[in-house]
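Next comes just one chain, in structure tokens: the form predicted alone.
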């Protein structure tokens, strides 16, 4: 059964995790030998992508033969193992990727276990009329090829697996190369759950060393009927160019507007809580703030009271030169700035040390006042760095926020008690997720209503994906019969 957490319960989860771990730093050293982790051999991980697809095809045949109750039994055990091993996957994730926080990643795995829809999401539709009965059922695609990210690696594998198995598909993963141990641990967990439920030994599969070549093999294999990609614009574009049905979950740069009707103290806390969740790795997290000038100073003070450290413009420039690096396109010679991966998902304290500022562990976010054109506003950093732009009125706030979102149509946030302002911004920004008066993570069911997912398909329109997203409609028509009235 899905759990709808209150804010107090969320804080209790994080507090209990922190007590058990005693540190944000991983306590387990990540040693991935290609086939397993710390001597533990993974089930369903293959050297050759073709072998992995073979295994996924067998998994599809097995799950297709299962009843819905049998699929749900597998999913129940996946949920149980995910809860029990959440902190292990969190530790591996931080150790391997050097990104995020163990306590928050643990909470994300619990969220996935509790709020990812299963077979209940697959609902048939029936229509009767003068000409009989028509049944429309949600059928599996077959074998799904899934590309997963380094930001939420095991969370995405488990979330996708639950939905895809519930829909009756087999799955082969090509994880991000920087999160292989973490992703493949999750693949192994799914397969252990399958065995415990009396299912096949290998229900989902992956590869020892995912590369662009293994991804290309996956794209081209005729047995792969659906591609699902959670990642940056480049990999999403490649999936959409494959010629196959594809679900793409791309990048975002979520703005947040605070107007002068908002509860400013609450807005300050909510924004910092959302921006710093797993050190800003989720694509839904607040990335830039547009605050009306008459409340901006009060908002900044509220943020400082909740763990934010305010830097000046000179310090912001120095920090920008570190967290963003210049890259030259070898073909065109055009220079552009890209995010320094060594800074992604790092603690605010670590980032401040790079510009010679020492702070206590209570500091969890770096804030600064900038203009609209500042790099911090224009680039999705995925770091606990939050630029604040003062605006004269709601019209300017909406105009600039929409521009800063760059048409990704991913996520946007607003703190306001003015229904007209909330409605205007929601209509203007056209994002898949729009969160009002809450931290960003409420948008994926963490302290908010609704199911969770880490594959938010804005580019291809499926939105917050779930089991039904991984199905195709099949119609069965019985003419002039079964109309009993």
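Numbering follows the first chain given and starts at 1. A quick note: this is a predicted structure, and the numbers were derived from the prediction, not measured.
There is another form of this protein, the form predicted together with a small molecule, and it is not shown here; the text below is about that form.
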Query raised in the report: For this chain shown on its own, do 150, 232 and 382 all sit within 4.5 Å of the small molecule in the predicted complex, going by heavy atoms?
Result: yes
**Report entry** Listed residue that, although the small molecule is not shown, lies within 4.5 Å of it in the predicted complex (heavy atoms), from 84, 223, 245, 341
**Finding:** 341
Requested in this report: Work out which of 175, 145, 387, 140 lies within 4.5 Å of the small molecule in the predicted complex, going by heavy atoms.
Outcome: 175
Query raised in the report: When the small molecule is placed as it is in the predicted complex, which of 246-254, 124-132, 296-304, 367-375 ends up with heavy atoms within 4.5 Å of it?
Result: 246-254
Query raised in the report: in the predicted complex, does residue 309 have a heavy atom within 4.5 Å of the small molecule?
Result: no
Requested in this report: Although the small molecule is absent from this view, report whether residue 215 comes within 4.5 Å of it in the predicted complex, heavy atoms only.
Outcome: yes
Query raised in the report: Using 4.5 Å between non-hydrogen atoms, is residue 456 touching the small molecule in the predicted complex?
Result: yes
Query raised in the report: Hey, in the predicted complex, does residue 415 get a heavy atom within 4.5 angstroms of the small molecule?
Result: no
